[in-house]
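Next up: just one chain, as C-alpha cells, the form predicted alone.
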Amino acid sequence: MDYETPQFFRVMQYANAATGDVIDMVSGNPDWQPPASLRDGLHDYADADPPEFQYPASEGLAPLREEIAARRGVPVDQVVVTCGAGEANHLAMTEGLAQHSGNEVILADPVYPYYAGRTNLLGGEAQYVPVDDAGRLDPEAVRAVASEDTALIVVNSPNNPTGAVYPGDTIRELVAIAEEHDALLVSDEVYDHFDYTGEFESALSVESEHRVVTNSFSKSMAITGFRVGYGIYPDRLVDRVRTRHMLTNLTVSRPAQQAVYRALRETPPDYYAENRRHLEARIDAFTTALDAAGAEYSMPEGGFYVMARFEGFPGTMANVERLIDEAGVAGMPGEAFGERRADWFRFALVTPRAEEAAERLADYFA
C-alpha cells in the first residue's frame, strides 16, 4: 500500500483530464447548502471594525470554544480549534507518539489513507487489523495485537470508507485497551451528524486520559473549504498540543470561526436531519442501481460513502481509470485503503448525479 502520495489527487487529475463527461464520486465535498446563519455571519463580518480582522487567540475564539465545550460536555480548556479535523488528528497522533514509549500505530484495514500517511510521516510503525464483515474493528482483534510497543489506536466512526458505525461497547473496549497498554485512542468523529442507526456513541462518553476526540464542521455544515475543526485533548496533552498548533498554524481563520460560531448557535436540528434524510434517499437509489449491476456493496450505517465490488473487475487504479474513460464515473480504488477490500471501489455520494452514476455502472457491467 502506497501511502506516501495521496491517491485522491491522482484520480482527480486523471478525471479532470478526461475528454468525456465524468461524474465525480471521489471527493467528500458536500453538494448541499450550508446553514443560512453561516452565510449571515459572513455578511456581518464584512462590516466589522478593524480589530476584528486581526489574529484571534491561537487556541480558537473563546465563544466558539465555549460553545463546543458546552455541546460536548467537556471543560473548555480541553478544546483546541484547529485547521480542520486533519490538523486535530495530526496533533493527536504526533503527541501520542511523542509521549508514549512505543512507536506502533494500530489502524483498521481498510483505512482512511491519511491516517496511514501520517503514521509514515511521523516515523510510526503501522499495525493493520482487518475489519469484520460489517466494516468495524473487533476490539478482541485489536487486543490480540496491542503490546507495550503500541502508542496509538486510531479509529473513525462513522467510518470512511466502510460506512460502519461503532456502538458504545466497542468504543469503551478500545479505550480500555489503550489504557491497558499506556497508549492513546484517537477517535475521529467527523461524520457524527450522519448516523443512520442511532447507535453512534462518541468516545467522549468515556472519561479517560487515554482518549482524544477530533471533529470538524466541514461535513456537517457543508463547508470543507472553511477549515474549522477541533480536538478535545486530555489535560496531560493539551498544553503541548496548543504549542504545536501555534508553531504549525499559529491560528485558524477568524471570519470562518465567527461564521461557524453563529451557525452553531442559530442552526436548528432540522437542518442536520433533512441532510440525513436526503443522503439516505440517495444511498437507497444508488444501491438499488448497484443491484442491477450485480455488484456486492456495503450499506452505510453512517457517512456518505459506499464500497462496491464488481465480479472480475478488482479495485485497482488501472480499473478506476477504465471506469472514468469507459463509464464516465470516477471513484476511488479499494487498494488505496488497504488489503481487506482491495478488490472494491469506494464511491462518495455527495453529488446530485449519484443515481445517474449508478445507472452508468449498471449499464457498463451489464
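This is a predicted model, so every value here is computed, not measured. All residue numbers are counted from 1 along the displayed sequence.
Omitted from view is the form predicted together with another copy of the chain, to which the following refers.
Of the residues 170, 251, 127, 258, just one reaches another copy of the chain in the predicted complex with a heavy atom at 4.5 Å or closer; this is 251. A heavy atom within 4.5 Å of another copy of the chain in the predicted complex is found for one listed residue only; from 181, 136, 244, 193, this is 244.
Not one of 231, 298 and 342 is positioned with any heavy atom within 4.5 Å of another copy of the chain in the predicted complex. Heavy atoms within 4.5 Å of another copy of the chain in the predicted complex belong, among the stretches 200-208, 161-169, 140-148, 236-244, to residues of 236-244. Using a 4.5 angstroms threshold between heavy atoms, residue 326 stays clear of another copy of the chain in the predicted complex. Residue contact with another copy of the chain in the predicted complex: residue 286 places no heavy atom within 4.5 Å of it.
The closest non-hydrogen atom of residue 47 lies within 4.5 Å of another copy of the chain in the predicted complex. Of the heavy atoms in residue 29, some are within 4.5 Å of another copy of the chain in the predicted complex.
Along 208-228, residues 219, 222, 223, 224, 225, 226, 227 each place a heavy atom within 4.5 Å of another copy of the chain in the predicted complex.
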